[in-house]
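Shown here is one chain on its own, the form predicted alone, set out as structure tokens.
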Amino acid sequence: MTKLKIAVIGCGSIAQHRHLLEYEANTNVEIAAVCDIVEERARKIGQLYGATLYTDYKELLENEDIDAVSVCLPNYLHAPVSIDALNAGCHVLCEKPMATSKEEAEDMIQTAEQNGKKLMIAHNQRFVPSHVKAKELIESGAIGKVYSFRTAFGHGGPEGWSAEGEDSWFFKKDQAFIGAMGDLGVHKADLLRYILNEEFVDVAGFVENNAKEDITVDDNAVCILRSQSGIVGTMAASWAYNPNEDNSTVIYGEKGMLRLEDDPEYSLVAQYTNGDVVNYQLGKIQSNDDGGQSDSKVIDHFVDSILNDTEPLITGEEGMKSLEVILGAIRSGETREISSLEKVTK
């Protein structure tokens, strides 16, 4: 079988620790080209994976016969580069948040449709075993009607993870457009939409920069969300959770509660009102501290969707709905009013 030819555009930390490792581990692909504006970084990655290096992604798209592209760039470049890659005939896996506005997201979706190509957004939380199991339990009625939730995603900040350290684009509004909410909050917005199988209609956001100096984006945010059926809960995103990462979610229902990634030993704990407790050991959630190992399942799913011509789990439309929750939180933080999100028909 002919292998898919892959290009990775942007060779920073997410490319090095996730995309490239997982493409290399997939026997159905060949990493054909890599691109980064830092030539030394592009050269190093190119040599490591036996790929042609570029510093200009447009040259790469023009010169190489590429089947699919990973876009691992600062947030403000996600839409323009994805659109160029789709127009060049490539399937696209784009990092989150997919864009900096709903209009950009719509342009990406429309371009994918016009070119008959896949557009997938890299929301890896949907593939975490505890999250998959929780969705199954909720759908089966195990905890009855869901009333509320609390979810958080926080760590000490991207300076310990980003390729540029404290000088990272993550901290610069003109490149990132949004801070912890775009880095971490959008993951949890996507996860909640997925496991609750509902859209959010209202969001109140408190979006602050109160922990780090000399940055132009938020580093601490807390949102209150309300879903179509009236489920209400809180979502926190932070770059000021020291010293440990928090990636937990708790779902409260009529017959019990589900604790996801909230217990040090069990990735999912189901506690029922009748006194039953079920502990699930389902494998560890992906973290930035995993060293040379990566199995987020995002890359394999993207590759399979191309090879089998199936719709990826996180389409452009799904990515846009999760982005809209975050955009609503920003609006709310700025106006000090509740943001009403457009109701999405089922």
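Only a predicted model underlies this, so the values are computations on that prediction, with no experimental measurement involved. Note that residue numbering follows the sequence shown and begins at 1.
What comes next is about the form predicted together with a small molecule, which is not displayed.
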Legend entry - Among 299-307, 62-70, 277-285, 34-42, the region lying within 4.5 Å of the small molecule in the model of the complex by heavy atom distance: 34-42
Inset, instruction - Consider the chain as shown here, without its partner, and state which of 138, 222, 77, 211 has a heavy atom within 4.5 Å of the small molecule in the model of the complex. - result: 77
Inset, instruction - Answer with one of 194, 147, 161, 266: the residue that has a non-hydrogen atom within 4.5 Å of the small molecule in the model of the complex. - result: 161
Legend entry - is_contact(residue 185, the small molecule) in the model of the complex, heavy atom dist at most 4.5 Å: no
Inset, instruction - Examine residue 247 and determine whether its closest non-hydrogen atom to the small molecule in the model of the complex is within 4.5 angstroms. - result: no
Inset, instruction - Using the partner position in the model of the complex, report whether residue 329 sits within 4.5 Å of the small molecule, counting heavy atoms only. - result: no
Inset, instruction - Using the partner position in the model of the complex, report whether residue 169 sits within 4.5 Å of the small molecule, counting heavy atoms only. - result: yes
Legend entry - the small molecule in the model of the complex reached by all of 10, 95 and 124, non-hydrogen atom within 4.5 Å: yes
